[in-house]
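Read the single chain below, which is given as structure tokens and is the form predicted on its own.
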Amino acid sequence: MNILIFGPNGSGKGTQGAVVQKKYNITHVESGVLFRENIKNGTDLGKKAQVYIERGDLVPDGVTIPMILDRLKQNDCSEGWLLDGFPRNPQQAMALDKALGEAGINLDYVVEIKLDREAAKNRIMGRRLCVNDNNHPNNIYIDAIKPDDSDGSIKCRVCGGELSVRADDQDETAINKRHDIYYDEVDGTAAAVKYFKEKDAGKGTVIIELDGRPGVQEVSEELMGKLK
């Protein structure tokens, strides 16, 4: 089972990806992690990527796609993979699609978690971290996991621990910049999703659209019901 997953920051894409990975025992391939691993290990592609990164430039597709293909051909991807974080624009979508075809690698599913921009931003800015366990979900904008405020101050809904915020979760400028790229239907990630929808509608790849507004469990159940 080979999957591309899309969703804006704040949509729960990472959480759902982890659910899929565990359920189907497939390998999660995240493009940012892949860059860091290749650079750390000093691979030829990593050295090429580092030159662009150090200059503050985007790594070209001619480096990124071979890096991704090399990863997808490794033994731990033989039973399936979930690719997250790439492609980010329609040109990359076309190039990846072509490269997969030439390598004889099937793309079974394209999963898109849909969430409007304001809700996605609120979810990021509403995250609160428990000092006892970062895996205790708390978000002031999500009813199902709102922190406990029964004593007039907010505490972890799971254990009652103190809550804190991540600085980058409160950086509205950075959040807007990432969302500018994702929601751009002409040159951004939304256009990459559109490419696969138009190309593969009714063909080999199954397109799955999910409403990201419900809770994690509800979205997971819908996703599991559509993955065969």
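Don't overthink the numbering: it's just position in the shown sequence, from 1. Quick caveat, the model's predicted, so the values are computed rather than measured.
One more form of this protein should be noted, the form predicted together with ligand AMP, which is absent from this view; the next part is about it.
A.B. asks: Only one of I53, V165, L69, C159 gets a heavy atom within 4.5 Å of ligand AMP in the predicted bound form. Which one?
C.D. replies: Answer to the contact question: I53.
A.B. asks: Among G85, P137, G126, G80, which has any heavy atom within 4.5 Å of ligand AMP in the predicted bound form?
C.D. replies: Partner contact (heavy atom, 4.5 Å) among the options: G85.
A.B. asks: Is D57 close to ligand AMP in the predicted bound form, meaning a heavy atom pair under 4.5 Å apart or at it?
C.D. replies: Result yes; D57 sits at the interface with ligand AMP in the predicted bound form.
A.B. asks: Does ligand AMP get within 4.5 angstroms of any non-hydrogen atom of T27 in the predicted bound form?
C.D. replies: No, T27 stays farther than 4.5 Å from ligand AMP in the predicted bound form.
A.B. asks: Can G32 be called a contact residue for ligand AMP in the predicted bound form at 4.5 Å between heavy atoms?
C.D. replies: Yes, G32 lies within 4.5 Å of ligand AMP in the predicted bound form.
A.B. asks: Would you please decide whether R36 lies within 4.5 angstroms of ligand AMP in the predicted bound form, comparing each non-hydrogen atom pair?
C.D. replies: Contact with ligand AMP, yes.
A.B. asks: Just one of 104-112, 141-149, 70-78, 85-93 has heavy atoms within 4.5 Å of ligand AMP in the predicted bound form; which?
C.D. replies: Looking at the other structure, the answer is 85-93.
A.B. asks: Within 4.5 Å of ligand AMP in the predicted bound form, which residues of 115-137 have a heavy atom? Give them in sequence order, or say none.
C.D. replies: Residues within 4.5 Å: none.
A.B. asks: Based on a C-alpha change of 3 angstroms or more, tell me if L58 and A190 lie closer or farther in the predicted bound form than in the shown form.
C.D. replies: They are closer; the C-alpha distance drops by 3 Å or more in the predicted bound form.
A.B. asks: Since the Cα separation of L107 and L45 moves by 3 Å or more in the predicted bound form, tell me which way: closer or farther than here.
C.D. replies: Pair moves farther apart in the predicted bound form.
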